[in-house]
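Starting off, we have a lone chain in the form predicted on its own, written out as structure tokens.
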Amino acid sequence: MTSTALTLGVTALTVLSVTGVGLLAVRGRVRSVEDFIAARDSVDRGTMTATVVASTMGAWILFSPAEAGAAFGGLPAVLGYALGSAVPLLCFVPVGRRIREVMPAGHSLTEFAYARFGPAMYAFVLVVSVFYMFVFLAAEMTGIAGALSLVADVPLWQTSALVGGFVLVYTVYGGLVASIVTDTVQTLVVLPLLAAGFGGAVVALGGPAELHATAVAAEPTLLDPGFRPGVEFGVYVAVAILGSNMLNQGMWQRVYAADGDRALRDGLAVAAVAVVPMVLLAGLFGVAAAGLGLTDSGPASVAFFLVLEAAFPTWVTVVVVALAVLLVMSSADTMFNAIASVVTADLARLLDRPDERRLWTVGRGLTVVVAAGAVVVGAQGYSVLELFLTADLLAVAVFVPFLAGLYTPRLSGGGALAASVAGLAVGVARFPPLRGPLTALPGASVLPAPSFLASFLGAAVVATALTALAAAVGDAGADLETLDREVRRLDDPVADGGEEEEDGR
């Protein structure tokens, strides 16, 4: 086991370095609440690729794909995870362009929900999106805390507090601008480290042929591309990731941050290509862990680190700890700022004459509250993959009715809400992690058998069918060309990190 002091020292050095980069890079660049939550039209193609890769590929990439490969179906589960991670990014190319057309001055998905569907659907989307982002944060903190506990016996709360606290520092100071700057640095470091780590592990464990033979001897289904549980996992996780990304405020922010349609298109397309090998490599660690019997002595959610401990000396494990911390920070700062931006933009809409400094204070204050909550949940040691799937289910039931509002004026707010609630009800009824609480309800004996596949597909199919029906029989007559009139820009200058703006600046 790695020294606790050494591991905490490396973790502290990593978070301090990223925090320093974030603070220095954004000084003088955040001059208004608009900059803080939107960074509008400021990101070129290369930076767009880097920030999308880093913000969507958080520490979960070291935990969830590996857990899927070890415990949810081997190779086909990993392949499904990899391809499913790329699909939402490709879908965001046309969806992102449409968002910029319909609401060019927008800031958040909840702004769109209110302007297009009214208060009821807005409230539902607000709850779902914020809950999803909070659970994503909690899962990230859970993953990194569990990893450091495994490799160095670091108490869960210490890891969560250290990582969450320092991400909070530069996020509260620089908002989305700081997140994008640090994302770029993190991507340049993470990609080669991940590739080198997998290659080195394969060599250290005897080479591809030896690993293949060991896995087949231990559990032949691990490498069977037609293994049914693995195929099923690949299908429902692809649906889960698609739904969750479409209701991810961090993605909506980056749509507005792109400096044009070309930057948006190319950045998302290259990111979609890049994430496939990343998820595939990470997932294969789980297959290797199961094949070597390592998951018999440790939880599947830390299969990645079980392989590292078996294959490498201590110093390599410490380097990978730094990699994991970088990944957590890259997605945590996205979620901190995304949740704060939702509330800040909505508060500006609710107030007749919003005070810009008050909006600034609220946005930063909410970021602190969210960070504290995520740190507390992250210290509890829950299953990382089950946390993600719980959040994903909500998004899967909502994303089709929600996005339909971008394209058809016929769908009403009531129709979209009914489709979303019905889809969610179908999904919850079949969702395995919720079966325990559901059995305590009256009439629980009539519930269908739990199934992840039936839960996610049922939620998506029901919501989609009812959305189509509501649009066909109704005619809300929404004017998609005038939605942008509901949006208030937040361009008035404010002090950046305590530095007062000069006149005319």
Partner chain sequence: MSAVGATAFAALVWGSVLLVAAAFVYVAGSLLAARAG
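Values in this document were obtained by computation on a predicted structure and should not be read as measured data. Numbering follows the first chain given and starts at 1.
Separately, the form predicted together with its partner chain exists; it is not shown, and the next lines address it.
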| item | value |
| --- | --- |
| Of 280, 130, 428, 161, the one that lies within 4.5 Å of its partner chain in the predicted complex (heavy atoms) | 280 |
| Contact residue in the predicted complex, from 98, 212, 435, 410 (heavy atom within 4.5 Å of its partner chain) | 212 |
| Whether 71, 296 and 323 all lie within 4.5 angstroms of its partner chain in the predicted complex by heavy atom | no |
| Contact label in the predicted complex: residue 46 to its partner chain, heavy atom within 4.5 Å | yes |
| Exercise: residue 195 in contact with its partner chain in the predicted complex, heavy atom 4.5 Å | yes |
| Distance check, residue 203 to its partner chain in the predicted complex, heavy atom within 4.5 Å | yes |
| Its partner chain contact in the predicted complex: residue 270, any heavy atom under 4.5 Å | yes |
| Interface segment, criterion being heavy atoms within 4.5 Å of its partner chain in the predicted complex, picked from 49 to 57, 33 to 41, 453 to 461, 472 to 480 | 49 to 57 |
